[in-house]
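As a starting point, one isolated chain is supplied in C-alpha cells, in the form predicted on its own.
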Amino acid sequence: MNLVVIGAQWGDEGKGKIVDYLAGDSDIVVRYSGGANAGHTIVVGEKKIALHLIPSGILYPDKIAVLGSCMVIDPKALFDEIAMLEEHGIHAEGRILISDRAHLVLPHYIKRDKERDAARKRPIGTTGRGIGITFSQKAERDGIRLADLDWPEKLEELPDESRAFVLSYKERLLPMSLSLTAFLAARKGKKVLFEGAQGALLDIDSGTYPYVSSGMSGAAGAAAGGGLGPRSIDKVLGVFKAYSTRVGNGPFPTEFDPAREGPLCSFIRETGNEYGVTTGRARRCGYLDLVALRYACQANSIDSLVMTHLDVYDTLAEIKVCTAYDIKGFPTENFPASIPALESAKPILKTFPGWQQNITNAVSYTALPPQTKDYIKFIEEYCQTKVGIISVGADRGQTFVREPVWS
C-alpha cells in the first residue's frame, strides 16, 4: 500500500510527528520533495529531534528511509543530520538511501539564493539555503544530480569551489544511491509511506504563487518524486492545525490583527511553540481557514484529514473559524489564485464555545468534550472530508486514530 502524507496548509502542520507515528506500521518511508528548508520536530519521551532532510521514519531502527527524486539535497546538511542522529543513539548507516535523480545543492547556489531574495522588490522570505536556485538550475537543465557524480564532463562545468565540494562527498553519496522506481517496483506489497514537505498552499503550481516553495509540495509530487505512477497512490492524508500559521511573506487572509487580536496571537504562538524549526522565525498566526483547507482537500484528493495542535485551544472560552472571505464587499467560499484578492480578503468568522479543559490525556475520540467534537464535526462537514487522526500533544503517544489508515 502506498500512503501519502502532505501538509494541508502553509507548512508547519505537524507532518513530522504524524509521519513518525504512522511509520511504525510501514516498511519504507520516502520523502519526495523539498530540501533542508523543511523542518520536522519529533518528540519521543524526553527526546526532541529536529529533522530537515531525512524522512521522519528513521527513528524506527527497522525502517528504510529514502530521499526521493524531487528532493534537492545539500550533502553537508545531510551528513551533519546523520551525525546528529548518531549522537542520539539512532544508527542510520545502511538505512538512508537516495534517488539517483535527486539534485544537489551547491555552495554557490546558497550565496545566489540569499542575494536574489534580498534584491527582490517583494521578497519571498526564503530560508536562504539554496533551494530555489537549485530548482531553477534543474528547470534550466543545468543542475547536478546524484547520478551525475560519475559524469566527469558534467562536473567540469562547475566552479572550482562547488566541484571540489561535491567530489569531497562522492565516495559517501554514491553507495547510498538507487533507482527509486526499480527499488519500489521490486517491493510491491510493502507498506510505503510518502512524506511531503512544506504544505499544499506552498505548492509551486497550486499554492499562493509567487509566495510558494520551489517544489511540488502537494500530493501530485508523491508520484513525481516518489518513483511511481499516480494510479499507484492508494490514499492521501492531509495534516492541518486547529488554527493557521504561515512563515515568510505572502497573503494570509485569517492572520490575527495585531491591534485587535495581539494577545490571542501571542497566546497561540507561545502555547503552540510557533517558531520555525529551520530558521527560528516566529510564525504568523491566525484563525483556522476552512476556505483554504477545503481547497487543499479538493486540489489534492485528500481522503482523510489529520488534526494537530488541538490542545492549544484548551483554555479558550470561544473559538473562531473562517467560513468565507469578504473580497471588496463580495462574499466567497472559493480560494482565489489572485494575490491582490487574497490580500484584500477579510475573513467571515463563525464562533464556537471552547471546551476549557485539558484534553492532552485523551486516548480516543469518545474521550473528547462535546464542544471539541462539535468543532471537529463542523470542519468535517465544511471540507466534506473525515478527520481520521487527532493529535492532542507533541509526544508520539498523544495521538489517536478514528479510522484505519493502512487499509
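Just count from 1 along the sequence shown to find any residue number. Source: prediction; values computed, not measured.
The form predicted in complex with a small molecule exists for this protein as well; it is not shown, and the discussion that follows is about that form.
- Note on contacts: among Cys285, Val312, Leu184, Val236, the single residue with a heavy atom within 4.5 Å of the small molecule in the predicted bound form is Val312.
- Among heavy atoms of Ser391, some come within 4.5 Å of the small molecule in the predicted bound form.
- Contact check for Val43: a non-hydrogen atom falls within 4.5 Å of the small molecule in the predicted bound form.
- The closest non-hydrogen atom of Asp20 lies beyond 4.5 Å of the small molecule in the predicted bound form.
- Thr308 belongs to the set of residues with a heavy atom inside 4.5 Å of the small molecule in the predicted bound form.
- Proximity to the small molecule in the predicted bound form, taken as heavy atoms within 4.5 Å, picks out 34-42 from the listed stretches 361-369, 348-356, 34-42, 61-69.
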